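This document starts with one chain, in the form predicted on its own, laid out as structure tokens.
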């Protein structure tokens, strides 16, 4: 009998893994929390023209979900992994509905393609209604055709700000500016060295040109070396303060400027979602899942691909997924797949060097600036806690300040708290996804036939 490969995540990495695992003869089960495959990158607005988005690879791979050897489980939340029994615990059904089915899977090989989520650095006023992450703003615009506001400022770091601005313009928002915190010299240096090594991402040049044309057509200014340092408003955002920042993101005095807005979306890159990999016992390296040349993690039978191994965009994720799919199915990946993956990885390195996070961002904070929005833990409380000898270590600091103990369990504030307090981010959560007590107590149905 062929190997049973379970793939968690149906974004670019997961879908490429599906294609290549099937080609290698495996039986495949694909799980994703969303109702449609594609992840955030391929999210479509209702009635969108597929041709405009140039998604022939995506459409081809999406059709493979109907393959006789493939089971496609949308609306599936993987909430735990038992490493002793090699058992994956899954809930199927609407997250906000009742009657979700509790199932388990015992795969021959597991591919984790769980992706990443937004990273947003705290600043005074970021807890106000009207402050959105860049990913949330794009999800509402692309998926629901809803603009987060009528007059919006887009700010942060990285090329993801461009498609976000485009999505907002598409749904009728006025984008007053797009602000990249890194200065032009840093961005140019990161992208321009040995440009021929970016051949695998040639399509990005056309994409970049389209964004530039869109911003020009709508007369949206794009500024380097400028960041949002404060949001103001009584009950929601009414204005934001921006400032020129140096290469380390320290504020240049006298450069402050105020914009009147009713919404602001901010994104400072992405952080991986390694909870299931940690539950499986996989070793992390710099917060990302450590893999070898065939996308094997440090745990036998567990593979990883996409943003959880390093932030590199859709092309890199798909290239990694292709290698992981072949290897997980028991076939040695072809040299051409390995070379394509290695070329694509160049993009990840450029992305990190062109759009780094400046270490002086903490100079934006005040003592009463909220860092953990769930528990309303302030910067001042964290600073005092780190110098308190009664709270040694990150665990005691977390219990003492409650930072990271709210509903998001540190997914939003975790990187910031770790950076401010000098500790490492904790990803170990016995229950990786929210689950009702009744569902936890319910009898599992096991694996359906």
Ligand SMILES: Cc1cc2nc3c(=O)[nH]c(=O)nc-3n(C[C@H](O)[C@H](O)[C@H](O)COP(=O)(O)OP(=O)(O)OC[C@H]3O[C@@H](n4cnc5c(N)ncnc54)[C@H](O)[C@@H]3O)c2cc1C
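Small disclaimer: the values here were computed from a predicted structure and weren't measured. Numbering follows the first chain given and starts at 1.
Keep in mind that the form predicted in complex with the named molecule is missing from the display, and what follows is about it.
Trainee: Would you check, heavy atoms only and a 4.5 Å threshold, whether residue 113 touches the named molecule in the predicted complex?
Mentor: Taking the distances in the predicted complex, the answer for residue 113 is yes, it comes within 4.5 Å of the named molecule.
Trainee: Does the named molecule get within 4.5 angstroms of any non-hydrogen atom of residue 237 in the predicted complex?
Mentor: Residue 237 lies outside the contact set for the named molecule.
Trainee: In the predicted complex, does residue 81 come within 4.5 Å of the named molecule, counting heavy atoms only?
Mentor: So residue 81 does not count as contacting the named molecule.
Trainee: Given that the partner is absent here, does residue 142 sit within 4.5 Å of the named molecule in the predicted complex, heavy atoms only?
Mentor: Close contact exists here: in the predicted complex, residue 142 approaches the named molecule to within 4.5 Å, heavy atoms only.
Trainee: So which stretch, 143-151, 174-182, 72-80, 333-341, is the one near the named molecule in the predicted complex (non-hydrogen atoms, 4.5 Å)?
Mentor: Result of the contact check: 72-80.
Trainee: Which listed residue (377, 242, 120, 273) meets the criterion of a heavy atom within 4.5 Å of the named molecule in the predicted complex?
Mentor: In short, 273.
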